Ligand code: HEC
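Just the one chain here, laid out as structure tokens, in the form predicted on its own.
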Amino acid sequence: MKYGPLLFLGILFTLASSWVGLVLAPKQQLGGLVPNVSTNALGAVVLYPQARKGEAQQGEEHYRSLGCVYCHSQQVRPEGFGSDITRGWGKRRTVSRDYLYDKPVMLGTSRTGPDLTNIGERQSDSGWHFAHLYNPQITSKGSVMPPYPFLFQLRKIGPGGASTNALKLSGEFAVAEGWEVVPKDSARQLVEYLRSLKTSVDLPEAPLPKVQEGAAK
């Protein structure tokens, strides 16, 4: 056992170096992240990211509870590691700072459906989102996404006429005359969360690609 102390020190060094590499270094690297402050083309100060508030924050809970994370990711891979940017899912790769206020971070487990990192910019129309949630076949024929009619209410049209937020349904999706389909609070909150997913902001560690002169012509 004359090598006992040496063996002990070797094991201790191995465990300590592993802890430094796997725990301390990431904590030092990621734990100090703060929102980035920049100036946009109009000279206004832009703080990114910002914590979600109100209905968008409530909608995040619905996104999680409905299991959207099992079919949709929120992680744009860098060029050379997939075609995410080419597909238009994001203008740049996602980085740790993007998830600063996401608890939990919903990276996703598969991509049965498209990545939603930047869906708030790709599709800002709330009416489109409501129709897609009510029945994805309305907006995306052939989609394998299930419908979520329980997020909506079927009710009679009142004396004042149809509600301003009633879904515009036609054809096979139309409801009986005198009735309308309107979003419940949960649907409205979920849509506000989806519309808040925007990452097209320059970051030091992930700058937006520069548009070459004449490329947009």
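Computed from a prediction, not measured in an experiment: that's the story for all the values here. Numbers follow the displayed sequence, beginning with 1.
In what follows, reference is made to the form predicted in complex with ligand HEC, a form of this protein that is not presented.
Although the partner is absent here, residue 48 lies well away from ligand HEC in the predicted bound form, with no heavy atom inside 4.5 Å. Heavy atoms of residue 108 never reach within 4.5 Å of ligand HEC in the predicted bound form, leaving it off the interface.
Ligand HEC in the predicted bound form comes within 4.5 Å of a heavy atom belonging to residue 67.
In the predicted bound form, none of the heavy atoms of residue 78 sits within 4.5 Å of a heavy atom of ligand HEC. Residue-level contacts in the predicted bound form: of 131, 85, 119, 100, one residue has a heavy atom within 4.5 Å of ligand HEC, and it is 119.
Only one listed stretch (145 to 153, 181 to 189, 38 to 46, 162 to 170) carries heavy atoms within 4.5 Å of ligand HEC in the predicted bound form, and that stretch is 145 to 153. Contacts of stretch 71 to 92 with ligand HEC in the predicted bound form, defined by any heavy atom lying within 4.5 Å, are made by 71, 72, listed in sequence order.
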